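Only one chain is included here, represented as structure tokens and corresponding to the form predicted alone.
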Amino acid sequence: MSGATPSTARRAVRAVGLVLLLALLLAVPALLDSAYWLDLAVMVLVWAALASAWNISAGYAGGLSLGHAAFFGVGAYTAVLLFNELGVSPWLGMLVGAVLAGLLGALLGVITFRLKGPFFVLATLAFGFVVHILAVNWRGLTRGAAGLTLPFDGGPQNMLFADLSTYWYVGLGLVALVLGVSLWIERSRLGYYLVALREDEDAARSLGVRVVGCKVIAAAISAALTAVAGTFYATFIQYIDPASTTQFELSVQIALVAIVGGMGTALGPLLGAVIVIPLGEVLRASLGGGPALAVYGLLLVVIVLTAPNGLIAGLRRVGRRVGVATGVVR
């Protein structure tokens, strides 16, 4: 590529890299011959979608939410209840759950748009606790702590598959959807407005940015995509309860995955999921509950301290250095 311009060389390298990455992702079920590891890989996709959806509201708009498990639970419970009670396919239940969660996210955005910093965080935290309390105590609908089982009935038309590899490919589609929405927002006028609000809300308002409208749109999109991930999780596990879908710790984990990978970027949450979720699982399997949590927390602290802007920022720096060394980047 001696006659190619640097920009052409970069595009060629990116195209080759994307093709190789796509081929690798499609071959994962064949490469992972163990059901355990393929199950873990599907869960990585779930967390990647959740962290990316959270990133739309928190990373781009700067609204650090600790209540996103509520939207996850709305998506899961809506799809399961519609299927169990009315026989509605989870494919349709997923859309209903996304609409409900989007409306809740928009309502929460309208209520909290004036709040900043810790006050906004506390408001989202309170919202998450309210939804969790409802899920635990509304036993006539949710069965409370006993949870709900999604019977294996119908197959693909009901988002229920006999083999894990199909769940992997559907999960890839889910991640592609959330990533596509994130990239669209990142490169759209809405994305520029959200970043302006995150950096300096008063300055953005003085320049004509509609603060309330932008925040509400970001909150609604983020909540709706989180609910879609909740439906996929419910059909994959085929059992849900408040502890697995609306618990506060889930909201913290969602935020942690995005923060470790890199907030405010489209690829950061995906990288965070690839690192954080397998790390936690491997430590639990090798060390047990208590020691695993201690080592897990220590490693995450080290990662955050060494890469305060997320792992994606560090990878980009390494990529630039490699590009300069090879002559692809000048």
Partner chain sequence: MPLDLTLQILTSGLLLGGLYALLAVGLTLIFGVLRVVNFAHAEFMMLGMFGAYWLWALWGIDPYLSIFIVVPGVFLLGVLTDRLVIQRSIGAPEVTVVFATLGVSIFLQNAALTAWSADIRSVTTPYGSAVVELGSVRISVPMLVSFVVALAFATGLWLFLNRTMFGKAIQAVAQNRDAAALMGIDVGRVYLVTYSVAVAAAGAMGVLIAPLFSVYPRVGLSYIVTVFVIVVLGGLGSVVGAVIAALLVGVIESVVGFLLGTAWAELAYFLVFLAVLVVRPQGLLGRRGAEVYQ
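Since this is a predicted model, take the numbers as computed values, not measurements. Residue numbers count along the first chain shown, from 1.
Although it is not shown, the form predicted together with its partner chain is what the next lines describe.
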Single option in A176, L86, L122, L103 placed near its partner chain in the predicted bound form, where near means a heavy atom within 4.5 Å:
L122
Picking from L141, A162, A146, L115, the single residue whose non-hydrogen atoms come within 4.5 angstroms of its partner chain in the predicted bound form is L115
Hey, of 122-130, 78-86, 166-174, 220-228, which bit sits against its partner chain in the predicted bound form at 4.5 Å between non-hydrogen atoms?
122-130
Partner contact for A35 in the predicted bound form: its partner chain, 4.5 angstroms, heavy atom
no
4.5 Å heavy atom contact, L283 to its partner chain in the predicted bound form
no
Is there a non-hydrogen atom of N137 within 4.5 angstroms of a non-hydrogen atom of its partner chain in the predicted bound form?
yes
Should Q247 be counted as a contact of its partner chain in the predicted bound form, where contact means heavy atoms within 4.5 Å?
yes
So, L21, L24 and V42: all three within 4.5 Å of its partner chain in the predicted bound form by heavy atoms, or not?
no
